[in-house]
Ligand code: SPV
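Okay, so here's just one chain, in structure tokens, the form predicted on its own.
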């Protein structure tokens, strides 16, 4: 008999033992047995993705108090994280790195043996008197070149329930795997719990990534970004695998954009959290295939992509009936949804920016809440957290793309990079070629820290291709992989830079939230050669005449020449300062930066200086139209 199966048998029901025996992969049995032994689980539940298993997990999440079904709408539940456990925790997230090896200074790392000792000490006996739930998932559509199997052991029924909403079932994938098939492993424990079922020792939070063993350890946290291991944590390992196999694992949404004649063109887009990625993917009248993580491969010399996930763990702040029609309707309709860290009053959810009057009392992550309630340190507690979320299956959306489970993915014709840039970049521009786009828009992506990450908000930082928090390889290697990927293709996607956060001198946004739909439609026309452009020092800009037509057709509103000039004016000093920040970042933080990066940025700098000499510091786009 398999030694590990024998050790597990005493903690499994006969039915669960039979489920596990159907998976003939010794490494699966080994990981489950060692996880159970380390955490001292009382019993083990094997989820086979059978509807009865899924229903049992959901009910246990409610019975144990990790979720509550106090909302009036059928299928909706609420989960509350602890006050200090409301976002991805950079300080607590570390790469386990072997001795004599180091990553970029921009990445948080710890000696592998020391890190393993620390995290296993925290996990030891953490599941005593609890059930360990075992989930099998498929990253990407099953039976596809994109498929990566994943296995998670957790003591949180909320985490197990959320995974069912966000990912494709993987039990049958594991039943069909060969004994030597690689898979991702996640071991998570919420740790000691308060009476309200939130992690008690969040000050001892640890999220450690062992890339040598494809394993993620997470303890003393329940926030899904830290505990649902196949979210951004497994993404880190996928980036590493993609780099060595020559494909791309990207922090990108995927959407279908409708164009003239009934055609549909697929775009992917990388945006740091809270920078407009989900709202772009959710634009009314278009289709959404994914809102967070994409795998992109060279198939037939074209870039084809899949959504790794099948659900959305979305920021709910500012979702309202005017700007986010599709998701707002879903959040107010029957169906399976898990809200987190919102306010509940009389069975109704409330969140920041929803466009409704907020009650002065209710239940939130602090317990019974009232307006003016403060923490023991005297800090006022908001009615809902800025990083409050919702988890919902993509297929619950009316505009879910029909190709979501296509094992060959969809062909990507355009890639966009967008951050929070108040001073420099215009709302939308197209790169001169693949390399220019990857460097000037992707590797130079600059944003401000937001509430989605624990720490100070509003701090400008370089966020390379929106994956800097997640990279598990030298940053220089990732840039090289992106450059080389595009150069190998015969059908190369166009690359665009977008910026929804450009401001005037008084700090007022120059774009309305709905304007992004016009930028998307312009990009679609550019892919098919049906819109003109002006060549500026930083990229191809839209022409006023084209935007005028699009604003009228898409948003039914007039678009003035004054608006156009303010939005697409080239701000030379700000652009030069941006280039200097980017170059300094690479010089100080990234060893072996590809020479091509500095060459492309130097050329952009030269173009800006020449334009300044001819036209001044602030240049109307029409000055470049000859």
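Numbering follows the first chain given and starts at 1. Values in this document were obtained by computation on a predicted structure and should not be read as measured data.
Form predicted in complex with the named molecule: not shown, discussed below.
Contact annotation for the candidate site: 225, 251 and 313 all lie close to the named molecule in the predicted complex (heavy atom within 4.5 Å). The contact with the named molecule in the predicted complex, taken as any heavy atom within 4.5 Å, belongs to 292 out of 155, 524, 81, 292. This chain appears without its partner; in the predicted complex, the one residue of 511, 147, 93, 273 with a heavy atom within 4.5 Å of the named molecule is 273.
Contact with the named molecule, judged by heavy atoms within 4.5 Å in the predicted complex, is confined among 543-551, 228-236, 404-412, 327-335 to 228-236.
When the named molecule is considered in the predicted complex, residue 161 lies well away from it, no heavy atom lying within 4.5 Å. The closest non-hydrogen atom of residue 420 lies beyond 4.5 Å of the named molecule in the predicted complex. Interface residue remark: residue 112 is not counted as part of the site for the named molecule in the predicted complex, having no heavy atom within 4.5 Å. By the criterion of a heavy atom within 4.5 Å, residue 517 is excluded from the residues contacting the named molecule in the predicted complex. Of all the residues from 67-97, the single one having a non-hydrogen atom no more than 4.5 Å from the named molecule in the predicted complex is 88.
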